[in-house]
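So this first bit is one chain, no partners, the form predicted alone, shown in structure tokens.
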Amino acid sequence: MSGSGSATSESGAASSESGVLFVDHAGVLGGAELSLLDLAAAFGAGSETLLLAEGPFRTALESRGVKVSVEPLGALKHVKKETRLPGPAAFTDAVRIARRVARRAKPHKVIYANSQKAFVVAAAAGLLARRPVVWHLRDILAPPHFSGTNVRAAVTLANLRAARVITNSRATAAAFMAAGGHASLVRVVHNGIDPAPFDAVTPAAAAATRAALGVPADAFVVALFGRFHPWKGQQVLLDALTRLPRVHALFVGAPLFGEEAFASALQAQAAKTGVADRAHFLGFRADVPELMRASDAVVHASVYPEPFGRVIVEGMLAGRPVIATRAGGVTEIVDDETGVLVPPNDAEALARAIESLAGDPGHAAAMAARGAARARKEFTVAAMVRGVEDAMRDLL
């Protein structure tokens, strides 16, 4: 996924002395972290970001002028979304980290947790430091994303300790409330994405990027961006590719949290089904805007409901037609006028959608133009910053 430019000048709304301690459990750059990157930069020098893992996210924050520190997790980092009940070591580690976060929180007015693990730590730290806690919920709290035990624990903790639960879509909010979350806590704020990195890609640069990929000039190129994980649907696109002999597919991303075996299985699947010469596994790339502009369409293929779908907005900003699965927060971003919606986990339907765009370039271009206009109007960094500010205004 791509990075974004500064939000401060675009929004003009965030206070330079906002007093927020942002907390995130990850050191890698996923979608949640890219959104936090824009928020932390917009909230200015009065705020600080605390990461619970070292990694490239720290460098990205520092490059935007954000004050950053790291308090690494111990046993808690091994707890997964599907974990039924964390062991004693994880609880002990949570208490240890919570005490350190509480000390960091003292100069600030609000603790803002950007992930579930961060919220567990922040909830305890807020109690110790006597600071309100805001949870920015970016996941659909329901199986198969989370175990039932994990969902109940998260919702109970939010009802007890969260002053606000900001969700990235109405679908995320609905899942939280369906699981017993208090509706009075919820504020929906869609993610915003800066169009500048996509606007900066010239046709010549896009053509050069495409040529460097080694795909035939007459090929129709689709691209899927994101973390390698079975629920993201890379295997579905590979299956669709077997039905599309003239189509090449770019798989951009890497395993983030131990999914190396899945990544290896994908390459084995490509070889076994005879599409290895048309399936390009590019790994993590920093030039996502160039790769999107070098493609003919952007594919979102998640097999389970997506909380939001940042990559869909990015594809729209890149001026490319988007094919996405009709589930979760995706339908709040794209409709049948601004993209092509297909059922989840349906390789045949995905193949037909790709074939329809490849066979009608005029229709594809018109759809891409409508999508770009909607993304630039509705999913801006300024709107996201204002939304988060409004949700926390009485706390600040």
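The numbering used is simple: start at 1 and walk along the sequence shown. Because the structure is a prediction, the values reported are computed rather than measured.
We do not show the form predicted together with a small molecule, though everything after this point is about it.
Contact residue in the predicted complex, from P72, G180, G283, P107 (heavy atom within 4.5 Å of the small molecule)
Selected residue: G283.
With the small molecule left out of view, which of G27, G44, P344, G30 would have a heavy atom within 4.5 Å of it in the predicted complex?
Going through each option in turn, the one that passes is G30.
Please run the contact check for V340 against the small molecule in the predicted complex: heavy atoms, 4.5 angstroms, yes or no?
Taking the distances in the predicted complex, the answer for V340 is no, it never comes within 4.5 Å of the small molecule.
Would you please decide whether L34 lies within 4.5 angstroms of the small molecule in the predicted complex, comparing each non-hydrogen atom pair?
Contact check for L34: yes, within 4.5 Å of the small molecule in the predicted complex.
Contact test in the predicted complex: A240 vs the small molecule, heavy atoms, 4.5 Å:
So A240 does not count as contacting the small molecule.
Should E314 be classed as touching the small molecule in the predicted complex when contacts are defined as heavy atoms within 4.5 Å?
Answer yes; at least one heavy atom of E314 falls within 4.5 Å of the small molecule in the predicted complex.
Which of 206-214, 266-274, 246-254, 115-123 sits within 4.5 Å of the small molecule in the predicted complex, heavy atom basis:
Contact-bearing stretch, as computed: 246-254.
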